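One chain follows as structure tokens, the form predicted on its own.
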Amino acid sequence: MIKSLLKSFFYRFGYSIHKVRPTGARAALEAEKVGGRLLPLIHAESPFAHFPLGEYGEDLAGWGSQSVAFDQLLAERKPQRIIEVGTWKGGSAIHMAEVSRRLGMEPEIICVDTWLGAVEFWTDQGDAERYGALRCRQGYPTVYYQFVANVLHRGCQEMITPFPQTSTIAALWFRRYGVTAELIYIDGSHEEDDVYADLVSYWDLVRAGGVLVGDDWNWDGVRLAATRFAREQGLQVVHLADKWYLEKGGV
């Protein structure tokens, strides 16, 4: 009861009391064994293996995927690991992978998503861009397979690791293995409480000197959550092209 109250108190002010380091020696050894690449820890077999690529064309339709903000941040920060929360068809992850290659880098990009769509995807069945893009089969979205196909079509499977999970559970898993990243991109739900929860969950996972980047500043929920979190943390929201970001101090 006391622990629950303490967690609620710290969460309200933008802090997490979850352990960031692995909870046991086995987790640390497993992470070291794969040389820091997370795909073998998340998937028993590569999700790109034996995929029926011939059944899927390339479809990278999305929003804000080709932003010059990514180009600038990647060139400046040179991240070894990127975590993307909310990836959809993979447009931004693929763009970051291709830009990284041009810069001579090969960071692992972990894409966290349920591939079930945000609330606005379920409010208008006549919306081909959103509801239609879910590609429901027997009532269940299958857009994840389009994401896998897109990664393969662009030859980015060695850099991109899908993590089909909620942002909350994924953040707990990252803590379990002591995973941090120099660049974390938050682009999931647009609801204020969801965005705020993601900022709380992932801020601790940003390495010193790294950045937490966000999209959709024009959405009220995103703007309110980001402004509130920044104020509580004593941070300044920096705007770059169509993105915004918070910088983690330290070296």
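Note that residue numbering begins at 1 and tracks the sequence as displayed. These figures come from a predicted structure and were not determined experimentally.
From this point on, the text means the form predicted in complex with a small molecule, which you will not see here.
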So which of L172, C136, A75, A118 gets a non-hydrogen atom within 4.5 Å of the small molecule in the predicted bound form? A118
So, a 4.5 angstroms cut-off on heavy atom distances: do all three of G86, S92 and S189 pass it with respect to the small molecule in the predicted bound form? yes
Does at least one non-hydrogen atom of G62 fall within 4.5 angstroms of the small molecule in the predicted bound form? yes
Heavy atom of Q157 within 4.5 Å of the small molecule in the predicted bound form: no
Might T114 be said to contact the small molecule in the predicted bound form, defining contact as any heavy atom within 4.5 Å? yes
Does at least one non-hydrogen atom of S167 fall within 4.5 angstroms of the small molecule in the predicted bound form? yes
Within 4.5 Å of the small molecule in the predicted bound form, counting heavy atoms only, one of 106 to 114, 176 to 184, 75 to 83, 149 to 157 shows up; tell me which. 106 to 114
